[in-house]
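Only one chain is shown below, in structure tokens, and it's the form predicted on its own.
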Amino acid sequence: MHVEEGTVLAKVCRPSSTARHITLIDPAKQTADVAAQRAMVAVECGSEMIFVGGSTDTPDKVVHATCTAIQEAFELRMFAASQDPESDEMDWDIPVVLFPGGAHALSPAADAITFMMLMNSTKREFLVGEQVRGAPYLQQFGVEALPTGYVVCAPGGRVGEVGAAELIQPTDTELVEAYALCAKMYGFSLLYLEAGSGATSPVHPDLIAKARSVDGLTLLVGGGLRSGEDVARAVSSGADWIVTGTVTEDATSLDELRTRLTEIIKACSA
């Protein structure tokens, strides 16, 4: 792993004058080699982190193969940049972070993991069960945990269904503030507001703004962000990080992927 242990959380939480972008790659949606190609395009476009995960039933072998392929690709690009006086090798010092559907989808090749509590789930397994199962393996692997409160907002998509989430509606601003306060009091560093993979609409800006009003949390927003306009609204409402995945999966070529990501990442700093 090229990212030194213990540094990913500091990178995620460091202050930034603009919002930053994460590309989410679902290892179930393409081969490991294609995932590595898409990750490299994402970094070239300005993505500052790669999440690996998404599907709830992806076996660990597939997750591990994808993480390994991306890490190897980044290491090769870092080495090439170190040999070029006009390039900066640190441009490829990009964390590869697990975004798991459960304790079955882990890999020692990742730099870190979003160690999440699905806070508005009605199932114990997503509050603490999967976390208890996975913790010993993460300790053994030496994968850094990023303490994350995960809150699913309407429409919720598949994650809302599988996670049995009591969805946060656009008008539930006081409730989302209470979840943010709870996350802070638990000691979580990150709060992730999720509308669901491929959601028909993103997290409502009023929910983002209300969560942002709670100091001491780094705010991630994902799901349903399909255009630069969507991203700009989320950023202006207070998102620190924008997470997109469907635009990566749906791109029919690397050139199309580059065009889509360029628009989205440009909106992060607008």
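Everything numeric here is computed off the predicted structure, so don't read it as measured data. Start at 1 with the first residue shown and count on from there.
Keep in mind that the form predicted in complex with a small molecule is not shown, yet the notes after this line are about it.
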{"property": "In the predicted bound form, Ser197 touching the small molecule (heavy atom, 4.5 Å)", "result": "yes"}
{"property": "Partner contact for Val12 in the predicted bound form: the small molecule, 4.5 angstroms, heavy atom", "result": "no"}
{"property": "Interface membership of Leu24, the small molecule in the predicted bound form, 4.5 Å heavy atom rule", "result": "yes"}
{"property": "Partner proximity in the predicted bound form: Thr244 to the small molecule, non-hydrogen atom cutoff 4.5 Å", "result": "yes"}
{"property": "Contacting member of Phe188, Tyr179, Phe126, Phe99, with respect to the small molecule in the predicted bound form [4.5 Å, heavy atom]", "result": "Phe99"}
{"property": "Candidate stretches 220-228, 204-212, 66-74, 31-39, one within 4.5 Å of the small molecule in the predicted bound form by heavy atom", "result": "220-228"}
